[in-house]
Every structure is written in structure tokens, then in C-alpha cells.
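The data below hold one chain only, encoded as C-alpha cells and taken in the form predicted alone.
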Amino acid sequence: MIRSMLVVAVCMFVLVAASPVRVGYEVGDTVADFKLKNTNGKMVALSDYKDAKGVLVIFDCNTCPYSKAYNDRIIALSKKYGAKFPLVLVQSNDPSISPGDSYEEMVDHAASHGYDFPYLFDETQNVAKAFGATNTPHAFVLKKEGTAFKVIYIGAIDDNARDASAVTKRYVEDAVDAALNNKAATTTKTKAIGCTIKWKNA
């Protein structure tokens, strides 16, 4: 009897140990509110967008070559959807590892590129961890459902990081269009292509 109980206990331990640890949001999850400092010095929260159809959250930075390649496309997304589906950019790199991504550099970057949307500093990196963001850029399309924001797409902005003119699949645009038309996104998850987020040393 004792031996049987030990075998069961060992099996349960193995099953638990083998189970993957879930990190970040998945499609269908409700996103918790967050509040971060914008480059204009004001605090911006997800809950500020209670009257929007949804929010496009993109984790990005100043320095990554992929981020630079997508800069104009991100600005275009804001111009196209901003009135109904605001774009929020979040910078989570640790400036001590990536000096070009300090808050001061973010302020200059936003001004020089004419950002008309929030560029938020995730200094503690808690927001990136909550989302499960790994790269720059890494997009999360959030649809407003009642009073909640739910994830309907996670991943790349489109299918060609290097050449905007060669894009054939616009994942983020398709997901936002679907949300605005109260339809399900055709593609809900892709692999984010870009530099890895520079995490603080433990």
C-alpha cells in the first residue's frame, strides 16, 4: 500500500515537473491594467482607453535594427487605426545593457520621429513579463469586450521584417480589421521577429 502511494506520488511529481511553465498572455486572455510613464512625462494606463474598440500594444525600442525597419510601419498603423484602435508603444529594455534605450533617449526618439502615440517606459520590465513579450517589435492586439481587453493576436506585425514593399501578410492589420468588424482574426499567433528584450540581470 505504501509502495503504491509512493509510486503515485512520484508519477504526479514527474507530470508536474514535465508540464511547461506558462509565461505571459495567450490568445483569449484578459489583460490586466497597467500604468507606465510616457515620453511626455505623463502616466498612461490601459484603462485610459475604455472608450476605444481595442488597443494595439507593441513592445519596441530605439536601438534594434528590426525596430528601426518597422518604425515607419508602426507610425502608419497609428495613423490608420488610432482614432478607434489606439496604438501604444512600450520600451522594456534595460538601459544599463542597452544604453540607447534610456528614458532620455526615448524622449528624443519620440520627438525626432514625430510620434503621435504614447511611447511608454517599462522600467521594471513587469509589463513585458506579464505579456510574455520576448522581442522588439512584438505585437499584441487587444479587443475591447465589455469592460475588459482580451488578446486576439500575438506576434509579428507582418511577414517581412526587412522589406515593407515585399509584405504579403499584414497580421496586425488583419487582426485589427477583424476586431473592428466584430469578427474573429484569421491568424491569431505568429513568431515575433526581432531583437530579444534586454532583461535586467538577476
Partner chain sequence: MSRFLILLLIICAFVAKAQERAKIVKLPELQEMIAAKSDQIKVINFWATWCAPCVKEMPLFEKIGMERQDVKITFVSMDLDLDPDPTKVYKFVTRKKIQSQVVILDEKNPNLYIDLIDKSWSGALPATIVVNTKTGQRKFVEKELHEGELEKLIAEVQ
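Since we're looking at a predicted model, the values are computed, not measured. Numbering follows the first chain given and starts at 1.
From this point on, the text means the form predicted together with its partner chain, which you will not see here.
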{"property": "Every residue of K37, M43 and F140 near its partner chain in the model of the complex, heavy atom within 4.5 Å", "result": "no"}
{"property": "Answer option from V31, V55, A69, I152, heavy atom within 4.5 Å of its partner chain in the model of the complex", "result": "A69"}
{"property": "Contact label in the model of the complex: K50 to its partner chain, heavy atom within 4.5 Å", "result": "no"}
{"property": "Non-hydrogen atom contact K191 with its partner chain in the model of the complex at 4.5 angstroms", "result": "yes"}
{"property": "Distance check, Y171 to its partner chain in the model of the complex, heavy atom within 4.5 Å", "result": "yes"}
{"property": "Segment assignment from 23-31, 173-181, 131-139, 144-152: heavy atom within 4.5 Å of its partner chain in the model of the complex", "result": "131-139"}
{"property": "Residues in 156-170 with any heavy atom within 4.5 Å of its partner chain in the model of the complex", "result": "A161, R162"}
